[in-house]
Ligand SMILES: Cc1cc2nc3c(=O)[nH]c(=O)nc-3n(C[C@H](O)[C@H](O)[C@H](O)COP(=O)(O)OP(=O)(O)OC[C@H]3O[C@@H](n4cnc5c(N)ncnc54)[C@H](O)[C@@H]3O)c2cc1C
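The chain below stands alone and is given as structure tokens, in the form predicted on its own.
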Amino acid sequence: MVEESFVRTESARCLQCYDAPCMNACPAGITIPRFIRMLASGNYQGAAEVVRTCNPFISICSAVCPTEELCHKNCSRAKIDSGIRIKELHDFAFRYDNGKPINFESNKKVAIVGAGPCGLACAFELRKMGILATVFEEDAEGGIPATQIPSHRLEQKRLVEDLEFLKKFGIRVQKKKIKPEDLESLKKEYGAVFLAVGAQHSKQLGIPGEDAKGCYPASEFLKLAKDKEITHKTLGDDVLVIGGGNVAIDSACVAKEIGCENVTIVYRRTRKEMPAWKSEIEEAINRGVEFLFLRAPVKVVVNKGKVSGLQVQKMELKGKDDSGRPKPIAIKGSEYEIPASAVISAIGQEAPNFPVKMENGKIVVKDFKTSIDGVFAGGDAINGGMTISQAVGDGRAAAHAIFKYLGGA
């Protein structure tokens, strides 16, 4: 636990930059210098209110936000000695959080589909503008923090704290599945609709055998593990995880946590190209996860309907792909088989197929507006899956776009 003495000393180091790079790097738009200034003066509750005004998920983000890739990385103080430990200061501030309810209301009606960080952040921001939105969710409130983020990264009590805070503001979630064909009726009933539906569908590998027993999309695997519906006995001791992002890392760490002896991440590029955060990769290494680089899956080997192995092909990096990253090229005749008791695919997610313009599994937006008038979208549904703080930032920004659309200032 962060001590008060550390907080006072660390916050005093802040340079209070004009046009602070740390603030510009925060997807949630937190006024970081202001909250640090309040900590330095001993106004801890004021510091908490500054953060909470921008981010209703102060507790969750203090645990899982990758500050080393965002605000801390961009801190001006690092040019002198070392960057301010913003994450630790953030974590200290939330202990003094005391949300105050908002009572004024507007007659404007907004429907929000999805009660994850993006949808609830949008509802929170609209509430501050007097609009009490109706939030629909078919699954657990809280989205990915509730259903997929492993317990070693996020304690359940943090999610509960943030959801309880939102209830103080009158924000309630209706347990209801909104299907793509329901969008038209929602439009008729509400002045605006916000699609915060996430990227729920795992991309398929597109190789033979991936429908065999023992193959899991990462999102399904993490949810089953969170609900304790998957065991060491179910997975076996030779687990392969395909992918190089944070979801692949989470899946591998969870498999180790469950008790699987040999867990290997298979990635078609090298460690240098992995999109996963450095801290997450190091966490996986510390937990005993192995890595197999420059390998791509060719087919899942199946025996009696169940996974028994994975055929992979060696790769080499040549030139650049469309994204500018080194392009993996298959080496002919290099295929071989790796034994496996389970295969987890973590190669990306796609948004549900709502009747709006979509490209590459993502909803296409301009200023959060979709191709249908009055329908907005944000979060993982438009970017394929990023950070919780990015989802919060999208929700806040979309709320302002919706407010303007409905005739607000």
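Since this is a predicted model, take the numbers as computed values, not measurements. Residue positions are given as counts along the sequence shown, with the first one as 1.
The next section is about a form of this same protein that is not shown, the form predicted in complex with the ligand.
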Problem - Contact residue in the predicted complex, chosen from H232, K109, K306, K176 - any heavy atom within 4.5 Å of the ligand - result: K176
Completion exercise
Answer key: of V197, V289, C260, A133, within 4.5 Å of the ligand in the predicted complex (heavy atoms) is V197
Problem - Partner-proximal stretch of 197-205, 331-339, 308-316, 292-300 relative to the ligand in the predicted complex, 4.5 angstroms, heavy atom - result: 197-205
Handout entry: F94, F169 and G408 each touching the ligand in the predicted complex (heavy atom, 4.5 Å)
Key = no
Handout entry: A276: touches the ligand in the predicted complex, heavy atom cutoff 4.5 angstroms
Key = no
Practice task
Give a yes or no for T264: in the predicted complex, does one of its heavy atoms lie within 4.5 Å of a heavy atom belonging to the ligand?
Solution key: no
Problem - Heavy atom of K327 within 4.5 Å of the ligand in the predicted complex - result: no
Practice task
Mark G361 yes when one of its heavy atoms lies within 4.5 Å of a heavy atom of the ligand in the predicted complex, and no otherwise.
Solution key: no
Problem - Those residues of 235-260 which, in the predicted complex, come within 4.5 Å of the ligand by heavy atom - result: V247, D250
